[in-house]
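The structure tokens that follow cover one protein chain in two forms, given apart as structure 1 and structure 2.
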Structure 1
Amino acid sequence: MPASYAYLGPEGTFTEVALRTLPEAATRELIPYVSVQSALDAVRAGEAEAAFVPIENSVEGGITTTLDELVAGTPLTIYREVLLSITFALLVRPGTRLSEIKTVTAHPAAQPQVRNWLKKHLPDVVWESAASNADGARLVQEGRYDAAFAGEFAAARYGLEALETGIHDAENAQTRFVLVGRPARPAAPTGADKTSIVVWQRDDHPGGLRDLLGEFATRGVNLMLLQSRPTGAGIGNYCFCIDAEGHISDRRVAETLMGLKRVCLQVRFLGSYPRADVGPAEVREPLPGTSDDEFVSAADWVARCQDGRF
């Protein structure tokens, strides 16, 4: 297997910075791809060991391109997640003053995060979207635009200077990235894990989604993300991308997945992997009656009853 990771490029984006926080990235060749789809296709085709792509951010919510790729097509698995705080710098050619900026560019996803700053400091500026924040910086270098919003780290690479740093409309602006590979046995639980799945409901009736979520609640499994995605079969037809606390080897998570498999039209397992937001020491205790030990002794008790040994 090639020792390379594909990632959403180009170089000098937040994605690359996030990827380099993973220790295993140091021993791999990191190859930028032009889109989430092409990075994931490289994994599916066996050209890369894994792909690193954004999946959720705290301003825009789930990154739909990535979710839709994981929902459909050849199954892939999430191995790792990374959280990165996002603040923007306003990059200009050296010497440019704020009052000289007439045009500004960045990836469309940056716009909601800098909108208020722009309204206050550059109300009359013309915004043009770029293919990525790094690409926007390149276009400023080439003189096509006056300024670009990008990570401060992109300034040096493109011979620009940061006229302003720390720009973000929302406090706690974060993006969540995942390392995605071909299906394999999940890594052992760490004590602070997350399990991602996609579910398709069997039919549409009052209480259908409530019953589905009851599979989690009954076993004391907390939800961390519930994002509806259209199935493509017309308005109102959705499947659900769900992140739940815990690891598929936890009894309460395994039994929840079995319950969903029984009652849903289809369930796709996307992986169990370590949580990036907390360590094992910060994970809350399972609800009373939902620990592994309690699942095991309850199973033993039923077996004894079935055996006439109650």
Structure 2
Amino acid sequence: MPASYAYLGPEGTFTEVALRTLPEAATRELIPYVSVQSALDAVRAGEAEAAFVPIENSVEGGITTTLDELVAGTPLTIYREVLLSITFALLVRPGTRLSEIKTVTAHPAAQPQVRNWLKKHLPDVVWESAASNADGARLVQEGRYDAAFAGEFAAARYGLEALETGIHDAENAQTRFVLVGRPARPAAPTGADKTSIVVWQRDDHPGGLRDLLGEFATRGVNLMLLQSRPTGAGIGNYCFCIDAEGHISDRRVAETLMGLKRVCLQVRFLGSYPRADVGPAEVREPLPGTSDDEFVSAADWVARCQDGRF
């Protein structure tokens, strides 16, 4: 396997900035790809050891392109996550004035984060989506658009200048990125972990989603993300992308997954990995009756009953 990481490019994306915060990135060749799909396909094809892609932002929720790629195709596994605070700059060719801007571009996930700023400062501008924010900067450099929303750090890379900086509609906006590789054994639990899965219902029936969520609730497993995605099998057919607190080696998480496997048409395990938003010293206390020791004790009691030792 080549010692390289694929990432959503070109150079100068927020994805690249977040990737370079990983210590292991300094020992890998970092290769930009034109899309999330092509970066993940590089891993599936054995052209890269792992791919680093955005998966969620705090303004708009899940990045559907990434979620759909993880739902479909050859299974992949999430090994790490990184949170990056996001603020945008309006990048233009040198000498461009605000009044001269008629077209702007950026990644689709950027639009909800700058919508109010656009309405106030450039209400008549035409928005066009780009493959990434840095690709939008490249298109401005080529003269395709008048301005791009991207990181201020991308200006020098593309010969542009930041006409406005610190642009954001929501304070403390963050984007979550994940390092994705081919399936392997999850890293050891840290005490502050996250488990990601995708589940498909057997059929559509009243209370179906409640039944799925009940598998988590009765075992004291907290959900961190729940997003439906169409399966492509017709209107009303959805699967559910779920992030839950805990590690697959935690008894309550393992038993939740077993419960889902029994009642669901399909469950795809996407990985257990350290959470980026807390330190390992801070762990949410489970509900009464849902600690690992209590699960072990209950299993031992059932075994004794089966042996006539109750």
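Here the structure is a predicted model, which is why all the values come from computation and not from measurement. Residue positions are counted from 1 along structure 1's sequence. Between two forms, the rigid core is defined as the largest C-alpha subset superposing within 1.5 Å.
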Assuming the other structure does not fit, state which one is the form predicted in complex with another copy of the chain. 1
Turn of the lesser rigid segment against the greater one between structure 1 and structure 2, rounded to whole degrees: 13
Between structure 1 and structure 2, how far the Cα of T105 shifts once the core is aligned, in Å: 3.5
After superposing on the rigid core, how much does the Cα of P94 shift between structure 1 and structure 2, in Å? 4.7
